[in-house]
Structures are given as C-alpha cells and as structure tokens.
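Starting off, we have a lone chain in the form predicted alone, written out as structure tokens.
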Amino acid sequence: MESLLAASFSLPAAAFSPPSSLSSTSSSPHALRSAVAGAARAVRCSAAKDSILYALEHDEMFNSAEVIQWESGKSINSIAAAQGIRIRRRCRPRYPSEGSGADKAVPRNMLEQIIWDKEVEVSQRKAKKPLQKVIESSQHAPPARDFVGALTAAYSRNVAPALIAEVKKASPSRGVLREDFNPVEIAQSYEKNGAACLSILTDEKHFQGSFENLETVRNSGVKCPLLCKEFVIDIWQIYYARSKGADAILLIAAVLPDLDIKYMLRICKNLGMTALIEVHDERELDRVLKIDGVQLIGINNRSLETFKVDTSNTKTLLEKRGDLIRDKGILVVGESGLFTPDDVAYVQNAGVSAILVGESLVKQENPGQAIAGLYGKDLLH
C-alpha cells in the first residue's frame, strides 16, 4: 500500500537522515513498523537523539491518528473517507480497465480512473528504478528555483495575477488540444511573453505528457521555475520530478489524506521545492489550512469528478476563508475556466495572486502571444 503510510514511512534520508543500515528499509508500512516500532516503544527514547528510533518515537507523523487507525485494522480508503476523500485506492497489479467480470474495476469518475491507472504506472516505474536510486538522482539535480518568489515578483511588476502557463497537449475532457505539440517552443514562447512560471503535464495515459517533456524544457535554457503537473500518490514521484528539473509539484487534496500531504510537504522542503496544493471545495480548503508549511493553494474551478467548470468557486471559497489565508501568508492560484481579461479580473478581485492557464493559451496559433489577449495587455518580464 503506497498512499497513506508507505508514502510516509519509506524514510528517505532527506526526511530523517537515518543511518545507512535502515535507510533501505522496505517501503511497506507493515515491515517498517515491525522492524522499528516495537524497539522504539520498548526503549522509550533511550536511544541516542540522532538515531532513527529516537526520530520515529518523537515524530508526530509516526504517532498520528491515521497511523493508529491503520494499525488497528482500518483500511486506507476508510481513513481517507473519514477526511472527506471520495477517491478510492485500488493498488492493483494491472490497469483496472483490464480483466472481466468481478475482476474488472469500475471507477466512480474520471479522477478515480486516473488515480487507479497512476498506481499501476508508479508501481511499474518503481520496479525499474527503486526509490533510493531516484533519491540519489534528485541529489545531483541543480538547485530548485524559487517558484513562490517568481510569482510574487510578477504580481508586483504587472499589478495582475502572475501567470503559470501550462505546457499541455491533451486532456481527458477535451482530447488533443494541439496537434503540432513542441513543448520547448511553447515554453520559450510563454517565457518570452511574460509567464512567471511554467506548468508541465507529465501524465502520459490521460494527458499525453511525460517526464521527458519536463526534463527537455528544463534543459532548453528556459529560466522560469517549473511546476510538475502530476497526479502524485507516492513520494517516489516527487523525487523523480526533482531529478528531472522540477522546482514545484502539484498535490491534490481530493486524492491525498492529511498525513500524506504533511509528509510530502516535508519532502518538498528538504528538496527546496514548492508544493502547490489544489483544492476544489470548502472541506478540502479547511483541511489544507490546518496543515503547517503551506505556501501555495490552488483553487480549481473544475470539478475533477464531473470536469464541469464554475469560476464562481474561487470567489465563494475566498469569501469564506480569504482572511485566514491572508493571515497565514498563503498565495492563492486560480485554476481552470480562465479565457478572457474579464475572467482574470474576476478571480483577481476575489483575491488570487496567480493563475494557472493551459487550454486557452495552448490552443492558439501562438500560445505565447495569446497571453496578451488573456490579460488584455502585454505582461512585463
């Protein structure tokens, strides 16, 4: 099981700096708990303060309510459901669309289908390149660029929401958005026309993206910080994204339990990365606002269950929680349904500091030049 607890207790060096004898411990939460939990409880903190046992005994995640519930026999899905997460995890060895009869899983919606497929993809990728090797690769990547700083500076320059322009070939709801898709040309055009940051789709099965596109754009001379737009379910993906040049990564609250988000934020911090945490409704926003260390919250106006768009979602949520968000110093990113200067002004007046836009730009003949049309003016850069 690689969501709630394996993600939290793979114990890469970046999180706990464990001694080498334990750094390769199985990522199975069962194996880890049996290997160290009993010893940790038995010694009751008599271990040296720099040891893995001491770190585990005193780590809030290791002693969290979710871990206790899981140890008592609750399933990952039941723990997640109690937090309002409707996306179920399958953890099947092959794609859910394969098989027949009782063996053929039926997802409730598109997001659940994507997540089930992502579980298979990540499992296959990890078999080829284990977590420890990906961690080592990430350590050789150039330092991460300041994603939040780039957004803040762009907002100040233009007195308008900073633009995260998305390099995106296709989507499940719209199909192929651009046949002549050249990720480097699009990225360079975005940067030339004032984008503060770029978002690179890496999901292959449903969005026709790739980590190779991310790496190619990073190596092309583009200076904008890069967001890895991925459906993250495992810390392996965060380290892999960093190894390919990502400066930030998307975490979706509709998919990830609180414990996963907390641990993934810790991983991001240790890697110098920024996490854009995406929410869709009030309950998800309230969950995220209770988590320390959040810098960026994206409010998605598109329901990832129905894929319908309603830009008033941003205004509604910020009317309810805008004061708290400002008090915490969190930047808000408006996502989906933004096509015109009026749309940009609407979400800016609602309180966003940045917008993430893909479809309305990438479908144009010149995606970079389309930025001026989106804003109603040329952006300074």
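We number the residues from 1 along the sequence you see. This is a predicted model, so every value here is computed, not measured.
Beyond what is shown, the protein has a form predicted together with a small molecule; the following relates to that form.
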Partner contact check in the predicted bound form: of 161 to 169, 190 to 198, 211 to 219, 285 to 293, the stretch with a heavy atom within 4.5 Å of the small molecule is 161 to 169
- Item | 4.5 Å heavy atom contact, residue 302 and the small molecule in the predicted bound form | yes
Is residue 353 part of the interface with the small molecule in the predicted bound form - any heavy atom within 4.5 Å?
no
Does any part of residue 358 reach within 4.5 Å of the small molecule in the predicted bound form? Heavy atoms only, please.
yes
Quiz item: Quick one: is residue 173 in contact with the small molecule in the predicted bound form, heavy atoms, 4.5 Å cut-off?
Solution: yes
The small molecule in the predicted bound form has a heavy atom of only one listed residue within 4.5 Å, and of 116, 207, 263, 236 that residue is 207
